[in-house]
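The chain below stands alone and is given in structure tokens; this is the form predicted alone.
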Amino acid sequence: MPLSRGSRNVRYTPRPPGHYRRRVDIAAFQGLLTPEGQALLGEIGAADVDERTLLATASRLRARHPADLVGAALTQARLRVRGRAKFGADADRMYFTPQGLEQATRASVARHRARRFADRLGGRSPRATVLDLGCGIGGDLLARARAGVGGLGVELDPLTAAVVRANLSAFALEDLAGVRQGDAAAQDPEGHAAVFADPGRRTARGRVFDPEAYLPPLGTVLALAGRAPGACVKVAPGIPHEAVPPGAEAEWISDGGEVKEAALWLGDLAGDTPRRATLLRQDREAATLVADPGLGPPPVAGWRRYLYEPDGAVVRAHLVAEVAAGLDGALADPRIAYITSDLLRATPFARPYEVLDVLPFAVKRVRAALRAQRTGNLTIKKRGFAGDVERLRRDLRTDGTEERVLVLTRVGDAPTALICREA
């Protein structure tokens, strides 16, 4: 089954439907790599490509350049602007496809992963390489190469493969890494120290949550990855824990407080823990939390002075008990990942709030309590609560001066509201 991050589940044949358009796309992209194309990209990079002026800019440029080259350059300029959210300043030197950018690994996550490859494979001789199956626009391939780990990317879509080559060239990494057009699921890992795979998790109908509905299915990818000494397989953060194979290390990663993805580390690349939560923090070292096999479930107790909201990666990795133990904390409800404690203790793995009031949920009662505290700016959080937050915000109509955090949850079957402030 084909594996491509640039064009999911589309096998390239000599003359498929839309063949002429694909040839034009590739030819136009290759034109961007010529001196004329590079000059055009530089000119557009200094111009206004906002929606309001895009048509006028395109008309002006088409008077001096071929229309397909202008279209390709404008597309790249717009994608580079969008790409800054994932790749920072590097986006202005990179090349993208729309699907490839959407599915690409965020640069901070790719760098984090590349460090493990470098640490585990860097001392091997001859130089260890990684076979990257379904490499997309090459985000992980680039990150590993910049960390000193060479590799070969495999990409089914010919345009996306051309984009990868251009990205490697843009950062002068051609001597460390390359790309081959082909069906990733048909590759042989022989001779490579490790495999990296990112199976498709989107179809025309949207996101795919069943690992065996990935493209290719997770079982197929794991079988292929298992033929290399080590492997890393990128998966959705919501992967069921029972789908993690025995002996693998599952790592959930959040960046800036938002869960981005999960990865399964196998063979030589796996650590000595079954589960790990990693929090990437700007300008600070990543924080990581691993499972404690001797730790049972956290205790259950009533609400205490502080409420801690664990990071999403901690919750996904089922490591709430580990955080609670470090805070001398408990859960108010064993099914809800809110920790309560009388201690205020700094931890990167959970955000603390001081609890000012706890009351059974009812709109009128909550509104009266918020007004009694002169609440103005209100942040609403919920976990285990089915209400419509935006409608509730309108119903509460806070107009005071104090900042408050309203936490909506449940204890047993009872909806509960906690009025808090930042601790």
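Not measured: the values here are computed from a predicted model. Note that residue numbering begins at 1 and tracks the sequence as displayed.
Only in words, not in the display: the form predicted together with a small molecule, which the text now covers.
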{"property": "Contact assignment for the small molecule in the predicted complex, among Pro229, Gly312, Pro348, Gly182, heavy atom within 4.5 Å", "result": "Gly182"}
{"property": "Candidate from Ser254, Gln76, Thr340, Thr160 lying within 4.5 Å of the small molecule in the predicted complex - any heavy atom", "result": "Thr160"}
{"property": "Proximity to the small molecule in the predicted complex (heavy atom, within 4.5 Å), stretch among 330-338, 152-160, 246-254, 295-303", "result": "152-160"}
{"property": "Contact test in the predicted complex: Pro199 vs the small molecule, heavy atoms, 4.5 Å", "result": "yes"}
{"property": "Partner proximity in the predicted complex: Pro216 to the small molecule, non-hydrogen atom cutoff 4.5 Å", "result": "yes"}
{"property": "4.5 angstroms heavy atom contact with the small molecule in the predicted complex for Ala104", "result": "yes"}
{"property": "Ala317: touches the small molecule in the predicted complex, heavy atom cutoff 4.5 angstroms", "result": "no"}
